[in-house]
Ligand SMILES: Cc1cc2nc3c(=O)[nH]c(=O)nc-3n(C[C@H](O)[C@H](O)[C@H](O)COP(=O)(O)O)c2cc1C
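Given next, in structure tokens, is a single chain: the form predicted alone.
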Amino acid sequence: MAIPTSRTKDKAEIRINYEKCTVCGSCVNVCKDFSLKIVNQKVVVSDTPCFGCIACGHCMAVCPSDAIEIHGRMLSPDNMFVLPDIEKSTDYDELLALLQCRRSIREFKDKPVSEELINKILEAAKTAPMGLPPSDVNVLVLDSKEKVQGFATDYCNFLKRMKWLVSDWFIALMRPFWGKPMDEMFKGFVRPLFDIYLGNMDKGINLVNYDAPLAMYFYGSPYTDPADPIVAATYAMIAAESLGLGTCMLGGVHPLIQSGKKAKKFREQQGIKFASREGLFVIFGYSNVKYLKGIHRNFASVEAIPIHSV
């Protein structure tokens, strides 16, 4: 058995066409599972791999004579395509300009996002790197303003049943267990967030997802690399920006729908398949505002590790 995911628990099958193989060694060089080796001037499947073929596809992608095929773990030769010419890709300055123009948009025109654009966003997001193939990222797509509003209403009703989570007694009880940073986060962010969401929703103002015409929730499974949903969501945001859409990450939903019976029931009602260590909601739409300036941001720290002499 190879490394398990929610989609498969078997290793993939490696097939080598010896009539095509020139023993160039490219496949052996890129296989970091060490599933391939050269024995007596012949590429063979190793009997001592690290895990067994995980179907990363590198060997097929690098083989100049199409002599190797991978079957299994949601991969086959039918999934391969010829890479576009490098001239068709963007250069650094163009990419940086696109990234600099992206702002967190919460004011949207009352204009739907077409199915064509939704599919383009998802197609781009599927190219995101992952910790382990096949991808264990799941995407919940709310493809209309009505669906987005319905989710926000359901979420606020869920929060009303969870208000004990931000009560004084519960925060005081948990303080010794979750430490000062989490205590400060609950007092300074989570508790006010409950009041903001619920108080405004009672007035008919949706500050959960801002009545966006499109929302996507990227989440994983119990097997997922925690970074995978976040990276995929980021790719989706960049793709949407290139298509003329505004986007915004929403951090106030995912953490609160992961634990407990009420959260499980809410996920089931919304069609969310798994609790997920990490996940991210992103809203999309045509911006109703025009920003004229960007903001220079910086990291908390950037440290170069010095070379240590032996």
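Predicted, not measured: the structure shown is a model, and the values here were computed from it. Start at 1 with the first residue shown and count on from there.
Another form, the form predicted together with this ligand, is not on view; read the next lines as being about it.
Although the partner is absent from this view, Y197 contacts this ligand in the predicted bound form, with a non-hydrogen atom inside 4.5 angstroms. At the 4.5 Å threshold, heavy atoms of M249 reach this ligand in the predicted bound form.
Residue contact check for R191: none of its heavy atoms lie within 4.5 Å of this ligand in the predicted bound form.
For K290, no non-hydrogen atom is located within 4.5 Å of this ligand in the predicted bound form, even though that partner is not displayed.
Only one segment in the set 150-158, 198-206, 104-112, 118-126 has any non-hydrogen atom within 4.5 angstroms of this ligand in the predicted bound form, and it is 104-112. Here the marked residues K163, F266 and V282 all miss this ligand in the predicted bound form; none has a heavy atom within 4.5 angstroms.
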